[in-house]
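As a starting point, one isolated chain is supplied in structure tokens, in the form predicted on its own.
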């Protein structure tokens, strides 16, 4: 019998994630190193459960892969024959899981190394900030395997790298290196070898120190404003700016700056 949410129906496998708290930052480690952290239903259900029930004190999340890889995507060993309806339901469950990340109440940062391919790239795209180390590489092998992206990649990835570049990846199997990735928009940061997680934690601590309402506006309002027609976007911006500036924490922070209690912005 089909359910409306196959991932929710699947049993979350807690062993597939290593979750730790470091101050206000929650770290979520993908823990199937022997499978290059390939995503199966148990892991997807665990990710959904994790992001559905963040502790109150958490102000940022860092997602990373345990071992040499971030994620090699869908675990093809668990791929079974599905009719069209079952395939549709399975894809939509992945959408719901990654929506939990994209629309999380706090910023989500992905630390990337090794394989970031297929569904693993779709997972990374759902994060708000991506940090890669030199070993990271990006690919969409679905075309050569006779399948199509099903975890939201066709919506999220073109917004980062463009439709033509994504089409090329799927048609030809082109693989992008970490250096190319930061140039073309796959990631925002490139670190030294082995440095992605440390940099992601540094960024997590930094964004955790922002006013929660400002972070909320950036995560929830900014994408909608960017996609709205200009006049609607400008009105939404004005409304969000008014709400943010009226918050007591914003008033306190502005007063601290005016009283020279906080540092001015300077190049690093």
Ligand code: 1HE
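Source: prediction; values computed, not measured. Positions refer to the first chain, counted from 1.
Note that the form predicted together with the named molecule isn't included here; everything after this is about it.
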*Although the named molecule is absent from this view, report whether residue 163 comes within 4.5 Å of it in the predicted bound form, heavy atoms only.*
no
_If we define contact as a non-hydrogen atom of the residue within 4.5 angstroms of the partner, is residue 34 a contact of the named molecule in the predicted bound form?_
yes
*Wondering, does residue 38 line up within 4.5 Å of the named molecule in the predicted bound form on heavy atoms?*
yes
*Please check if residue 119 has a heavy atom lying within 4.5 Å of any heavy atom of the named molecule in the predicted bound form.*
yes
*With the named molecule left out of view, choose which of 195, 185, 158, 141 has a non-hydrogen atom within 4.5 angstroms of it in the predicted bound form.*
141
*Identify which of 167, 175, 89, 147 has a heavy atom within 4.5 Å of the named molecule in the predicted bound form; exactly one of them does.*
147
*Select, from the options 123-131, 99-107, 177-185, 70-78, the stretch whose residues sit within 4.5 angstroms of the named molecule in the predicted bound form by heavy atom distance.*
70-78
